[in-house]
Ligand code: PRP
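Coming up is one lone chain in structure tokens, specifically the form predicted on its own.
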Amino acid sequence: MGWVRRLPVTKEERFRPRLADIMLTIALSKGKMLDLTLDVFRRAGYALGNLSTESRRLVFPCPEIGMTFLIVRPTDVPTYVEYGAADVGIVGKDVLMEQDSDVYEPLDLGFGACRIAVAALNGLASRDRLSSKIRVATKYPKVTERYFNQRGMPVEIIKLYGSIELAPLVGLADRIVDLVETGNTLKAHDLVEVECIARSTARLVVNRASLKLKHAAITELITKLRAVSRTSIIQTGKSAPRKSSRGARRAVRRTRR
């Protein structure tokens, strides 16, 4: 067996970053937010190739822009990012509030605005049962429990995965906590909004390790998406909340040093 002579490695090749170090895996929320997300990426200058909301595919490699996109359920986006299956994700603030995932949240993208609200049947909104627990149906049990505990109100939470508006109509619950955009669905079921717990918009989240290992690529992405988001705010005349994770800002400063 003969020896294979290896060509000497040049200095440029030795210090050239590996493809895995610069390729970003991005988890996107399927559903209503996906179209808005893809529009933001395109306006930021990213060619998305055959990525489409009509496709049944879940993985879309885009090597020409150094990205691979994963299309997953919104509730799964923080998990993919937290455990490193994705470097970056885009998901609603409502999901982040419910899950308390260990991820950085450096950017509020401003689109997909809605609110987490408490609602009750029309005419019963001001009636609280102080002598017993209030039954609340929701798909946000953690957010709901925190809200009512802070108000000192005993609550029994009923976890539902859909058709939350039906619960008060059939006597399953006294209140519901659900995501509200226009309020038309509440009105259609004779429900009124009692209180707004929190407002939600699309957020960009980043894996802790990826922020350090792929700092240049992630910083470039954040910069481009932020510029597009600000342009949209100026054009619509709306101001999106500018809250971001203090931990994310500190981490970005540390990685720049």
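This is a predicted model, so every value here is computed, not measured. The first residue of the sequence shown is number 1, and the count goes up from there.
Not on display, but discussed next: the form predicted together with this ligand.
With the partner left out here, this ligand still marks one of 100-108, 144-152, 84-92, 159-167 in the model of the complex; by a 4.5 Å heavy atom cut-off that stretch is 159-167.
When contacts are judged by a 4.5 Å heavy atom cut-off, Arg135 does not count as touching this ligand in the model of the complex.
Contact check for His215: no non-hydrogen atom falls within 4.5 Å of this ligand in the model of the complex.
When this ligand is considered in the model of the complex, Thr75 lies well away from it, no heavy atom lying within 4.5 Å. Contact check for Arg57: every heavy atom lies farther than 4.5 Å from this ligand in the model of the complex. Exactly one listed residue, out of Leu179, Ile71, Leu121, Leu96, brings a non-hydrogen atom to within 4.5 Å of this ligand in the model of the complex: Leu179.
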